[in-house]
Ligand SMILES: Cc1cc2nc3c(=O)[nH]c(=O)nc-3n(C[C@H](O)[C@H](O)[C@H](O)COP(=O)(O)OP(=O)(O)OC[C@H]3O[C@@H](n4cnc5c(N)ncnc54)[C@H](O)[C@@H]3O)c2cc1C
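Below sits a lone chain in structure tokens, taken as the form predicted alone.
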């Protein structure tokens, strides 16, 4: 069952003018969190903003004795809630409800794991990378952004044994272009007999392209959808996603309950993108 806690801000690390990582003392929530799950958060105690906002759990934080102490969120300042989260200081409080949603399935050897992230789509992959490391799964992160300044936590992923394939729109780091450029090449070079699972999170057109590329090479994809959510508990139906399973007709499911992680082949992308 999800927990609703009054989490204290431990630190607020500003990565750029618009991105930050917020560390919260929410051990009870973090200790139950599985890779890919999310929390609903609301800074301050007033009515502005009225609703909470969903965030993938970025990291499960631990002390020197490896005891869980809290969790972190990767935030981009774009709206009312994200601006407030960007401005928080240690000691401030955040309402935090979670963990929520369907997590990733964490693969094990001999299957390899390829994570594909665009922008803040990196958020669910730090916890996934840590879980894959515990299982000694060979892991690669394909990570794209507008420029080198939009690529974060590279050293932390390297420390988890993750191989990096980078791409930027302006060519300032890694491949010049979308993250699907190195992904397409790697899929073409990969041994089809070697088991491989692809995970993706980021802009919807990117996840659609990743799913289609992977399918063309006989690979399955788990996608973490970034739907707008009002409650996170299935009550408001604001986060519906069109899916089609077993050849049946398309129907709507709630991302907060059936997701946010989906088998990419079941998502009706043409309806979701439009």
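None of these values were measured; they are calculated from a predicted model. Positions refer to the first chain, counted from 1.
Form predicted in complex with the ligand: not shown, discussed below.
I need to confirm a contact call. Of 168, 81, 137, 127, which residue comes within 4.5 Å of the ligand in the model of the complex, counting heavy atoms only? It is 81 that has a heavy atom within 4.5 Å of the partner.
Under a 4.5 angstroms heavy atom criterion, identify the one residue in 214, 60, 225, 29 near the ligand in the model of the complex. In short, 225.
With a 4.5 Å heavy atom cut-off, would you call residue 70 a contact of the ligand in the model of the complex? Residue 70: no contact with the ligand in the model of the complex.
Verify the contact flag for residue 74: yes if a non-hydrogen atom of it lies within 4.5 Å of a non-hydrogen atom of the ligand in the model of the complex, no if not. Residue 74: yes, in contact with the ligand in the model of the complex.
I'd like to know if residue 132 sits close to the ligand in the model of the complex, meaning any non-hydrogen atom pair within 4.5 angstroms. The answer is no: residue 132 has no heavy atom within 4.5 Å of the ligand.
Heavy atom to heavy atom, is residue 229 within 4.5 Å of the ligand in the model of the complex? So residue 229 counts as contacting the ligand.
Partner-facing stretch of 116-124, 88-96, 192-200, 146-154, counted where any non-hydrogen atom is within 4.5 angstroms of the ligand in the model of the complex: Only one stretch qualifies here: 116-124.
What residues of 7-39, in sequence order, lie within 4.5 Å of the ligand in the model of the complex by heavy atom? Contacts from 7-39: just 38.
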